[in-house]
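Given as structure tokens, the chain that follows is alone and in the form predicted on its own.
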């Protein structure tokens, strides 16, 4: 068995730590922040529990399946797929065509476009995502969808399921996420993603792992192929193997000898979380836009996220590559004005994250993410930007599992 260090106490680091500790290894997790979780942290403000943006767990993704296998039970609720969802098209709110009834009611699709919509949904479910890794999603849509309005709705749904607002999004990634959403939906977690982080942390400690917070790593060196971690000039520890789950820029600071990770563009979003006493229009709990990269959802219609009566609302603008967040807050509030008039009189608290990093590498056509196993001996990687499998937290967990297997 090995003596293993893991840098980063988010979902990827904790998942790998649990797998390795249960296999009998000595595992120490170093987390720079004073609390575990990374972007999976949950903040309580005036009794409302806010994630770091609008988090959702795909019910049949890598992460959900892995947690079930590990015995980590995650509780929450599934957002309803009903006829109350809305999509803004050319400035007008329309019924989101998410169910047969909604398709018939939707003014966003006209005449034969409704049949085209049903046909393209079936084609998406049958499509081989792995065969179109090098194809841009825009090109795939142009080939398979003739209606511009159907294309616009699909692009909006793709932003929703992938969080990506980039013209070179891989058709593989788009199809993969759309299939999961259409087939199995997502889960909003009771108490936010802190529930997940807390349960993983308990399981790691029960398996004998050590979790250290507030630990700033000053450097890493390899001595006889064994990683030596420096906390201060006089405080260091040597391990048999090392797993890095931090962002790529941090990794290059710690291990400049690692080859560069080329062509990676981070995915970012402007996120507004609101705690409201009530909603002016309670049944209007979900919306996206085809005329702008916007999203809105009431997570308390599915999960317990407040210690008081009220609603937790998530709004998001999916930022394009190198796009500034300037004006994003006003755009989000204006979108909410249209959905829930007079909502401001019910506001209790808010959290605004103007440039939240959703994932560190946009899944662009033809781009291959770095391997879990690095060119340096006994040094491994995990995170949403590593490995071939999954997207978002699914990629984090899939790469963490693969790293644990190799280690």
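Keep in mind that what you see is a predicted model, and the values were worked out from it rather than measured. Numbering follows the first chain given and starts at 1.
Beyond the structure shown, there is the form predicted in complex with a small molecule, which is absent from this document and is the topic of what follows.
By the 4.5 Å heavy atom rule, the three marked residues 12, 52 and 163 all count as contacting the small molecule in the model of the complex. A residue is said to contact a partner when one of its heavy atoms sits within 4.5 Å of a partner heavy atom; residue 247 meets this definition for the small molecule in the model of the complex. The closest heavy atom approach of residue 190 to the small molecule in the model of the complex falls outside 4.5 Å. Among heavy atoms of residue 37, some come within 4.5 Å of the small molecule in the model of the complex.
The small molecule in the model of the complex comes within 4.5 Å of a heavy atom belonging to residue 30. Comment: 52-60 is the region of 66-74, 361-369, 52-60, 343-351 lying near the small molecule in the model of the complex, near meaning a non-hydrogen atom within 4.5 Å. For the candidate set 313, 176, 271, 319, a heavy atom within 4.5 Å of the small molecule in the model of the complex is found for exactly one residue, namely 271.
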